[in-house]
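Take a look at this one chain, the form predicted alone, written out in structure tokens.
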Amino acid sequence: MHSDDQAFARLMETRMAEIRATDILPEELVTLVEQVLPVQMKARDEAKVKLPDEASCATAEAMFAGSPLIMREHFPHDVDQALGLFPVLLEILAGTGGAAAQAAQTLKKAIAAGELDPAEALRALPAGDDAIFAAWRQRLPESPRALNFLAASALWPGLNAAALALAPRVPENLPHERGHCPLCGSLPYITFLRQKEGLRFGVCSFCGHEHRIRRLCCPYCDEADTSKLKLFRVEEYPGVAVGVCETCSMYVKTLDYRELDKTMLPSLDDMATVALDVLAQGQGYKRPTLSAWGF
């Protein structure tokens, strides 16, 4: 095993132990993510993405006005890879046990019978078309986000590979007044602070791009009036704060990696702090995005 692979394996082992220690998420879900993440990371390195020419992307002037570089429905990714990953991920889901495994079997039968076309789900997610996912949420009440998970997880390697390649096209002096992703326009699912100055970044819920945002603002409605923004912490989760916005009633978690003193893995750190989601939602605040895993 390559040294980088060994380091990632150790890092992931530590994070998964932290998630299990919270004793909140079902073991089947934790095991699922534990098996899927290495598959995704390998696939990202292998993704074949054709980037659009600069003429078909937003101009710098348009981006300064708030337009993303590329609209999410046109965001490049490896379609063939996603189609190939879908059945692989479906088999992993089928082996987890519990309601998720039952959902996987139902989806497998639907695909075999021609009731479900994975390609349709993979087209619908970038387009923001929720119809197919809503229908399957009704059919799979015990594991309603199973299809979301499969589509998001299959698409992520190609999307993130494209985001990494496109990031240099973002103007260096682009202001950080808005919370949405400058590459695809999607909202962040979590934010974090890093560097000595405590610069704040959002992690895009669609392409995974890490983009700079204002330190004091709601990343969802851009509210900057501090009288309408509140922050709370829980002693058991040092280095993590929950910001709530009284204007849009949304909340977002912010991880202060200066305090946490550990390598960033936002998708897993989000899972490890799910207790804070429960707390915020219990107070009537909402999270407008799914996690990086589609649930």
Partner chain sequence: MTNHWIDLKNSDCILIMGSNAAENHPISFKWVTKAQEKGATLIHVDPRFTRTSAKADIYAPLRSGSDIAFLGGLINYILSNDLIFKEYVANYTNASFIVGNDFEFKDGMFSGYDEATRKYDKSKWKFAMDDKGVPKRDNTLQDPRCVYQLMKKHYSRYSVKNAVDMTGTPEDKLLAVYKAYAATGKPDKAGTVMYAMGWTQHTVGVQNIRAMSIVQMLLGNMGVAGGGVNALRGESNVQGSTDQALLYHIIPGYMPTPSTAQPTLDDYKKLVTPVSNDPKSMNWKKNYGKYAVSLIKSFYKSAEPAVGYDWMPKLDAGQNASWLVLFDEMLKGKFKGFFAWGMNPACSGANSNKTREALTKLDWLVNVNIYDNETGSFWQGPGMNPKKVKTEVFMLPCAVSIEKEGSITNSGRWMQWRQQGPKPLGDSRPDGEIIYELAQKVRELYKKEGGVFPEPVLGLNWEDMGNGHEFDVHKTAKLINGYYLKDVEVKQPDGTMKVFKAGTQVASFPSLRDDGSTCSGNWIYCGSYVGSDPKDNRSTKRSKDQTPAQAAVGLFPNWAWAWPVNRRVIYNRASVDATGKPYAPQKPVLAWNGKGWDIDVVDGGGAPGSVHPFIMQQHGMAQLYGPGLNDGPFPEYYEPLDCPVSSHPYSKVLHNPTALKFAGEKAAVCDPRFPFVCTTYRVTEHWQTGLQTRYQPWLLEAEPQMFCEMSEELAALRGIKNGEKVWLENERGKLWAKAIVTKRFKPFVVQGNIVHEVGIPWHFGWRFPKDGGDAANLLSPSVGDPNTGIPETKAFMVNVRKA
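Everything numeric in this text was worked out from a predicted model, so none of it was measured. Residue numbers count along the first chain shown, from 1.
The protein also exists as the form predicted in complex with its partner chain; that form is not presented, and the subsequent description refers to it.
Listed residues E177, E120, D80, E115 were compared with its partner chain in the model of the complex; E177 is the one with a heavy atom within 4.5 Å. Note on contacts: among V39, A60, L51, L265, the single residue with a heavy atom within 4.5 Å of its partner chain in the model of the complex is A60. Using a 4.5 Å cutoff between non-hydrogen atoms, A110 does not count as a contact of its partner chain in the model of the complex.
Not displayed here, its partner chain is approached by N173 to within 4.5 Å at the level of heavy atoms in the model of the complex. With a 4.5 Å cutoff on heavy atoms, S56 does not count as touching its partner chain in the model of the complex; it lies far away. Looking at L216, you'd find a heavy atom of it within 4.5 angstroms of its partner chain in the model of the complex. Taking its partner chain as positioned in the model of the complex, none of the residues of 105-134 brings a heavy atom within 4.5 Å of it.
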